[in-house]
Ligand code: NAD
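Just the one chain here, laid out as structure tokens, in the form predicted alone.
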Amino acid sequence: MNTQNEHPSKPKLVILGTGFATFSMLHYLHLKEFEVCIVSPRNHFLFSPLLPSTTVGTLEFRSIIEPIRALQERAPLKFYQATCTGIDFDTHLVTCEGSFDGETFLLNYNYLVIAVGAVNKTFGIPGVLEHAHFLKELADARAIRQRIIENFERASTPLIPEEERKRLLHFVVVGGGPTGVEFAAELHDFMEEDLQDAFPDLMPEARITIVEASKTLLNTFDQELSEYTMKRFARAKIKVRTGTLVKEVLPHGVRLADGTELSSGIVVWSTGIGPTPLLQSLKSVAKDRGGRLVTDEFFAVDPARRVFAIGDCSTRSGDELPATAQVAQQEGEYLGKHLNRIVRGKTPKNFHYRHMGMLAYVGDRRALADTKRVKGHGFTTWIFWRSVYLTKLVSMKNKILVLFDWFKTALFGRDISRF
């Protein structure tokens, strides 16, 4: 075991994770006043709100990521592509395991920020980990994109049994939140606008089913917008089964609580989030019922030990906020400024969350907007949806790439190659 035990003149800030919260914090942090060290199993920032668009080729994968090391243009920082497996709060040491050779090493810190996000929640349902596809990382989107094309190509081969062809062309989405809804919408667009021309004989058998445990889709949105989505999907022949629980995920489909089996060529699982293995291993800190770290009003897990937590892995005591990108972004901004004030000996300020509303794409160039000022849907809202996300992208490079991808898709369609 190697130990990274340095004694810099600047306070050493170790950050675990490279999500929205981390990127926002680094944008506002005075990097030159800290020795910054980032630990994460991925070496890029991901703009996750547009991840469903990459599953069908509306956007290319690299258009929504930004390398972490690009930050080195602003100030020196260290990055280790590794996973934190343990934290010793008494000795101020974190244990990390390298992503490539599994080598274990230690890092000391003066300040620690835990921003490891969350993992997909399976609710202990059998078969989810083995047979379902998640949609949380770029690798997930790439695997789904490959499977969609593979299913159509396999279904088009001669002598394939009718029952097998129908199974391959049935796409099941478990979870009716924003990610599940947007994926189903993107997949429907892909079928109608691109696969229809490539596989005209198969399209009558292609189906999309959304399975949702609650009574409606997008239950965090305004009721009128949820109902609008249900009607749009009904017109698009996307079958929605609300009030339905999944009992088991099978190698070729799902078994519902009522005993019904839905055979499918792919199951995309999008039902919420749970604590990471690191959070589960931490026994000496307070957690809520969902396994998230409980912090004080300044996002400190332990103020005396200078340990903070932001993003999906944490919740403030007495002020539970939703696990969304805008919450993580605002928490990161606050903590970056808060750490600046700490090292300069200034009085901390309070955090105030500003709810900016919610957006969702529902297919056929239609979107939803649920904000304080606007509650709308339709084509104009779709333009607004794209404009907002374009302004929130990480860099000017990403903005240009996404604009180019949208233009390319509108002009030439989506690529249907399997590679």
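For every residue, the number given is its place in the sequence shown, counted from 1. As the structure is a prediction and not an experimental result, all values here were calculated from the model.
The form predicted in complex with the ligand exists for this protein as well; it is not shown, and the discussion that follows is about that form.
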Exercise: residue 176 in contact with the ligand in the model of the complex, heavy atom 4.5 Å: yes
In the model of the complex, residue 273 touching the ligand (heavy atom, 4.5 Å): yes
4.5 Å heavy atom contact, residue 351 to the ligand in the model of the complex: no
Heavy atom of residue 213 within 4.5 Å of the ligand in the model of the complex: yes
One residue of 29, 359, 59, 36 in contact with the ligand, assessed in the model of the complex (non-hydrogen atom, 4.5 angstroms): 359
Option touching the ligand, based on a heavy atom within 4.5 Å in the model of the complex, out of 219, 281, 196, 317: 219
Residues 182, 269 and 324 all lining the ligand in the model of the complex, heavy atom within 4.5 Å: yes
Contact stretch among 294 to 302, 150 to 158, 187 to 195, 122 to 130 - heavy atom within 4.5 Å of the ligand in the model of the complex: 122 to 130
